[in-house]
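As a starting point, one isolated chain is supplied in structure tokens, in the form predicted alone.
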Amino acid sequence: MTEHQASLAPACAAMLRRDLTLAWRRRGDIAMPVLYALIVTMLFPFALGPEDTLLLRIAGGVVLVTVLLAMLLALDAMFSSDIEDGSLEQLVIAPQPLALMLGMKILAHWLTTALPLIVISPLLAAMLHLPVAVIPVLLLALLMATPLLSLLGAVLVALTAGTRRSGMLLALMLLPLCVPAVIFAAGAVAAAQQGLPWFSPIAWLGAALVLAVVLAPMACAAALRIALDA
């Protein structure tokens, strides 16, 4: 192992620790997506009525879409503070690979935004009377789909960096890309509810996630370089 390769691990750990520390200082921003998801899920039984059959049929899709929209609330701020204080320019000229450092930032964003939503997803599912036996499949689907959404969202955030009203533009660009992930995740949950094999949709999600882990940080780095040079 070369000296340069040995220095990558401490740099990655430092970047992850920095972003987690900054997120902890803004704990209210972490709580907002969680509160949003809870409120939206609570409104469905009131709007549709307490009929268990109807709630059971839509429970998986409602939880998945609610988590997606809750993640979208915090996606616009992924790189905004770094652009404002100039730390992103320092990251670009740092000796470490930019794609790897951005991967750490995306991981920190997922840990502070998606992971709390995954933790409360059994509660959201229980509100909609989803069977307990299906909840592990729902959790697995969320563990596959949410990092994929974070990676795709990071590329789009980089493309819209510095754009006015980037939040609205980001939502319009990201939502069509999220449709396949939601379809496969909801398909796995629906298959589990009906007692059918559900591994195939999860495998497709896993394949898409592996591809995104490899390509998305590099695309994000290229997009940020273009945005900063403009």
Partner chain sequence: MTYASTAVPLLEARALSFQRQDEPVFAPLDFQLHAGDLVLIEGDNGSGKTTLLRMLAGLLHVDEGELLWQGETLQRDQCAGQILFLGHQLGLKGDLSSRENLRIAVGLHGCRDGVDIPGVLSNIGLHGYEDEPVRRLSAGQKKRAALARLVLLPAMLWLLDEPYANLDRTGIALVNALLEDHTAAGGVALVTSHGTASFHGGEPQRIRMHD
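All of these numbers come straight from a predicted model, not from anything done at the bench. Residue numbers count along the first chain shown, from 1.
Unshown form predicted together with its partner chain; subsequent notes refer to it.
- The single contact residue among Ile135, Ala108, Met101, Ala114, judged by any heavy atom lying within 4.5 Å of its partner chain in the predicted complex, is Met101.
- Residue contact with its partner chain in the predicted complex: Asp76 places no heavy atom within 4.5 Å of it.
- Although the partner is absent here, Ile93 sits close enough that one of its heavy atoms falls within 4.5 Å of its partner chain in the predicted complex.
- A residue is said to contact a partner when one of its heavy atoms sits within 4.5 Å of a partner heavy atom; Met15 meets this definition for its partner chain in the predicted complex.
- Of the heavy atoms in Val213, none are within 4.5 Å of its partner chain in the predicted complex.
- Looking at 215 to 229, the residues that come within 4.5 Å of its partner chain in the predicted complex, counting any heavy atom, are Arg225, Leu228, Asp229.
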